[in-house]
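One chain is shown next in structure tokens, namely the form predicted alone.
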Amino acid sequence: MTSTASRLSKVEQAKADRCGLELAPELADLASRGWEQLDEADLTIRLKWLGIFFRPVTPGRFMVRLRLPNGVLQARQLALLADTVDRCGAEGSADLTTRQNIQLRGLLLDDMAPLLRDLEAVGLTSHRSGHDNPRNITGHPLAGIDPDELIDTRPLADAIQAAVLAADDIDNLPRKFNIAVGGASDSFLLHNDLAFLPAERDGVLGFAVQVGGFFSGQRNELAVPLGLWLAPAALPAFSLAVLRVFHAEGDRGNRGKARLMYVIDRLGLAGFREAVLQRFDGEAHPFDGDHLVTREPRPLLGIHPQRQPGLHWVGLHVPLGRLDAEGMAGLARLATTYGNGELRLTENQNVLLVGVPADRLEALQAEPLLQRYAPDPGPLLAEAVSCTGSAYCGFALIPTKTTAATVLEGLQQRLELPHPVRTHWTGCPNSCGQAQLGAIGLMGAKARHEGAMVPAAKLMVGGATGGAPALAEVRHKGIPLQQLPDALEQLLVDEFGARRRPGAGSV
């Protein structure tokens, strides 16, 4: 193993001692011993190679993260996941993630061996979905149905995932790695380590390569152009070439500097590009042109015509991405009853039903479940994104989902807004909720209030995800949660065109 550090960190040593994939045939035996008796590295590191996460805040209950390339999910698959969560009783739930993915919560270690078999039987996997592996491959949620589509990202995301999972020489990266493929002019992907944005070269549609985007507690960067253009068929092999450079050159001594952008810094952009091309057995063309991403991601909720005549997609709001078994089963039923049996997950943690004929729209809109998962939840809730928060994450400083729901519902009752406003909520500086991308970003913090340190939110403003991308900038280092509703109300009035409703009470 090549490394920029001569001494391995504790995590790297655990990975070097044994690959987590070797635990797969031992799951039943591990469960019989009990999670309390497991080796700490197996419990907290290696199981993540199978997508199994120990959660210290819910001891004995595990989380399983799936892989859903391009966020495509079949109703029969969702029905299986609903049954899985239902068997967990009150402890069971699921989260839609900002990577078009699903995380199942509340499972026991005894559940794992049969669950992984059940997943495989319906075409799903959790393989290498956690820790230092390439994460879920994202694509445009409207792939194949978008009237404005430039290129269908579904087969490309599938092909990249297949290549990644088949490559056993990159199953131990220095840190996690995010890959995304854009298919329309509103494909914002610059928060990824490797992003492929649609671009034309000599009249041929392909992809401009962007590299190095990431958020962390130490540094936040948008991806930068690598100066290369690829034909669509080259994306899987090129992804592997980048991953192999990262595998060889990433810092294995300091996890705080073990992301791709630090490799680019050290080698220089030209040096990094050359290192990738040396490992790439394909054609890559120099490119200094513009990609075709020119606008903010469009609103996806509500009813919209597909490119297929007479069919529609219907975007449903899942409040802050949290699902229970009943809701999952209900969404699976709606997809089968009214659509073509397929669902799409969005990076805004919502669900799209696709292939809905015009003559079924009225009946769909009358479904009681749409009171819970509304096509039009309001201008603040519609664009709200949240990490899991302190309910399940030991790093989070605040309960993001419940705080966001309470604050935003209250603000919608008090204010009239001329357009949706994106708010991103994250519990800690690791920024799983991508606070830097929000028009308004909130990050868990601590602040002094009435002589004591209390839960608070760092306020960021100005994230832009269109043709002129920008990260939100810190406006306030810590607003106590008690004062957050009033602070956000004033901000929305002053800078986002909100108007107070006559007679509205306090939040």
Partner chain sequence: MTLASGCVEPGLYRALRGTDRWQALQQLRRGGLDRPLDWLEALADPEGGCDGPLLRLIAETVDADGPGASTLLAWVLAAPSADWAEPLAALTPLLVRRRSALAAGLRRALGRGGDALLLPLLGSQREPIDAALLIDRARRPGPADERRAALEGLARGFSAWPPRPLRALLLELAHDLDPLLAAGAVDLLDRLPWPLLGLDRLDGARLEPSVAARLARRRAGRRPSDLLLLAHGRAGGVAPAELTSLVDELARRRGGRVVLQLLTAADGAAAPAASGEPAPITLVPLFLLPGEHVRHDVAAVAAAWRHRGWPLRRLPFLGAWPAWQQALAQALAERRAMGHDPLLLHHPLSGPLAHRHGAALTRRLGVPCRAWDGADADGAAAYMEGQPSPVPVPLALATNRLTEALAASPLLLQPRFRSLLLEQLLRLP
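From a predicted model like this one, the values you see are computed outputs, not experimental measurements. Residue numbers count along the first chain shown, from 1.
A second form of this protein, the form predicted together with its partner chain, is not displayed here; the remarks below concern that form.
> So which stretch, 45 to 53, 63 to 71, 448 to 456, 464 to 472, is the one near its partner chain in the predicted bound form (non-hydrogen atoms, 4.5 Å)?
Selected range: 448 to 456.
> Counting only non-hydrogen atoms and a 4.5 angstroms cut-off, does residue 111 reach its partner chain in the predicted bound form?
Answer yes; at least one heavy atom of residue 111 falls within 4.5 Å of its partner chain in the predicted bound form.
> Is residue 222 a contact residue for its partner chain in the predicted bound form, using a 4.5 Å heavy atom cut-off?
No, residue 222 is distant from the partner.
> How about residue 304 - does it come within 4.5 Å of its partner chain in the predicted bound form, if we only consider non-hydrogen atoms?
Close contact is absent here: in the predicted bound form, residue 304 is far from its partner chain, nothing within 4.5 Å, heavy atoms only.
> Test of understanding: in the predicted bound form, would residue 228 fall inside 4.5 Å of its partner chain by heavy atoms?
Result no; residue 228 lies far from its partner chain in the predicted bound form.
> Ok, 375, 341, 357, 429: which has a heavy atom sitting within 4.5 Å of its partner chain in the predicted bound form?
Checking each option against its partner chain in the predicted bound form, the one that comes within 4.5 Å is 429.
> Within 4.5 Å of its partner chain in the predicted bound form, heavy atoms considered, which of 218, 278, 294, 371?
Exactly one listed residue reaches within 4.5 Å, namely 218.
> Taking its partner chain in the predicted bound form, which residues along 62 to 96 bring a heavy atom to within 4.5 Å of it?
In sequence order, 83, 86, 87, 88, 89, 90, 91 come within 4.5 Å of the partner.
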